[in-house]
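As structure tokens, one chain now follows by itself in the form predicted on its own.
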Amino acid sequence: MNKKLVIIGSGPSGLVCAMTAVKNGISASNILVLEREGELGGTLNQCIHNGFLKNLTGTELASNLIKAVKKLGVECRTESCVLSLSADRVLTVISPSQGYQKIKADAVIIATGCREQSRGVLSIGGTRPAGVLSAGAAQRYINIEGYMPGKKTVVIGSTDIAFIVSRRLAIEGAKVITVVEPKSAPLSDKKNIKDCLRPFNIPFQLNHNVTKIYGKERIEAVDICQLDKKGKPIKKTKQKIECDSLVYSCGYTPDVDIAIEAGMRIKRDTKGPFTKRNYETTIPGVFVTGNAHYIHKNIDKILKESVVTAESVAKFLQKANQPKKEKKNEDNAHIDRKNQE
């Protein structure tokens, strides 16, 4: 199977890339969007809070983008996992509907987004019982699956999603005992503290961290300690707090396993692929955008970058389709000059 453009990921960046590609002359029938989950939209589907673009919820924004892409006639496949991407832009894809398939693309956009980091929690001592989960997982359980991760929760981290999930838990009737942040300043905007924590009287402690987890089958309690200037626990401040769930948010990292396996150069600071100004990676014809490129602060920047990326892809394909001028070799050039004399 051959396609002009294959987009890996159907979050906001992937969908905007598809729309922009069509507007820039790439036929919708020659574009394929691949999504590994069962629905298009990416993590927007679990974001029922507002604040996206013109005060839309994440689900509303996802719905608007999906409708626009489908109206253009772009083919979108869900439950399609990209196993590998080669240097000559051949994708190995597996899905229930198509089975095992090879797809050759003239250009590829990696719009796989990001994933939550967990290394901050893995250093906590104690057991590994049920009830310890990331903020993204907790958000998905509540907003999509309809399950409560717990009734008495401790939250680690001060990212946007840590505060949003804390509020969501409180709205659903859970007791958020405290939110702790190991650093001396919150990672999220202070407005989120005002909007998410204060209305529900949720305590927020800086320079504090969970140092131990108790429980066998299910988490039963945690130790929380204040940290000194070097980030080490102050033993005399230790408090044992009973809880049935621990939600952590340790930040994000670009989801670029595909890029790494394809042999792309990865930046040490952003953890995303090296790119040119047009967002083309070290593999010609393969581009990256959105949080797969680097972690953006807001959705507006993601959407703007995705537009520029798709425009760059259109220029790349246009240039690739231009007929190459025949070059005369040195022998023929020498003969021509001799005949002219």
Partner chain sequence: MAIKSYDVVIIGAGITGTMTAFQIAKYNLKVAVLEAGIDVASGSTRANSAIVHAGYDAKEGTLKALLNVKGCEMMEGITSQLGVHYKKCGSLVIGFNARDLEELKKLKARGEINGVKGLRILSRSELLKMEPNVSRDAKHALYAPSAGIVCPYDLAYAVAENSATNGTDYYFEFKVDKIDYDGKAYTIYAGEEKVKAKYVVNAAGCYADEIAKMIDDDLPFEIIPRRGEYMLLDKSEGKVAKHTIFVTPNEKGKGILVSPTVDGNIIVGPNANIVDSKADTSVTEDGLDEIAKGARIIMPGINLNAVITTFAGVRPTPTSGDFYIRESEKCKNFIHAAGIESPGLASAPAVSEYIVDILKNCGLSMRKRKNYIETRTINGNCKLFYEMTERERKEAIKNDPKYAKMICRCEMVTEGDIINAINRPIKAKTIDMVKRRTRAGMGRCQGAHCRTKVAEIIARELGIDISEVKKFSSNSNLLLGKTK
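Residue numbers count along the first chain shown, from 1. No experiment lies behind these values; they were computed from the predicted model shown.
Separately, the form predicted together with the partner chain exists; it is not shown, and the next lines address it.
Q: Although the partner chain is absent from this view, report whether residue 37 comes within 4.5 Å of it in the model of the complex, heavy atoms only.
A: Result yes; residue 37 sits at the interface with the partner chain in the model of the complex.
Q: Is residue 241 close to the partner chain in the model of the complex, meaning a heavy atom pair under 4.5 Å apart or at it?
A: Judged by the heavy-atom cut-off of 4.5 Å, residue 241 is well away from the partner chain in the model of the complex.
Q: I'd like to check something about residue 128: if you look in the model of the complex, is any of its heavy atoms closer than or equal to 4.5 Å to a heavy atom of the partner chain?
A: Flag for residue 128 set to yes.
Q: Although the partner chain is absent from this view, report whether residue 158 comes within 4.5 Å of it in the model of the complex, heavy atoms only.
A: It does not: once the partner chain is placed as it appears in the model of the complex, residue 158 has no heavy atom within 4.5 Å of it.
Q: When you measure heavy atoms, are 14, 237 and 267 every one within 4.5 angstroms of the partner chain in the model of the complex?
A: The answer is no: none of the three residues contacts the partner (heavy atom, 4.5 Å cut-off).
Q: Can you tell me which of 69 to 77, 181 to 189, 252 to 260, 196 to 204 lies within 4.5 Å of the partner chain in the model of the complex, counting heavy atoms only?
A: Selected range: 252 to 260.
Q: Among 177, 221, 103, 137, which has at least one heavy atom within 4.5 Å of the partner chain in the model of the complex?
A: When the partner chain is considered in the model of the complex, the option within 4.5 Å is 137.
Q: What residues in 209 to 229 sit within 4.5 Å of the partner chain in the model of the complex, counting heavy atoms only?
A: Stretch hits, in order: 211, 216, 217, 218.
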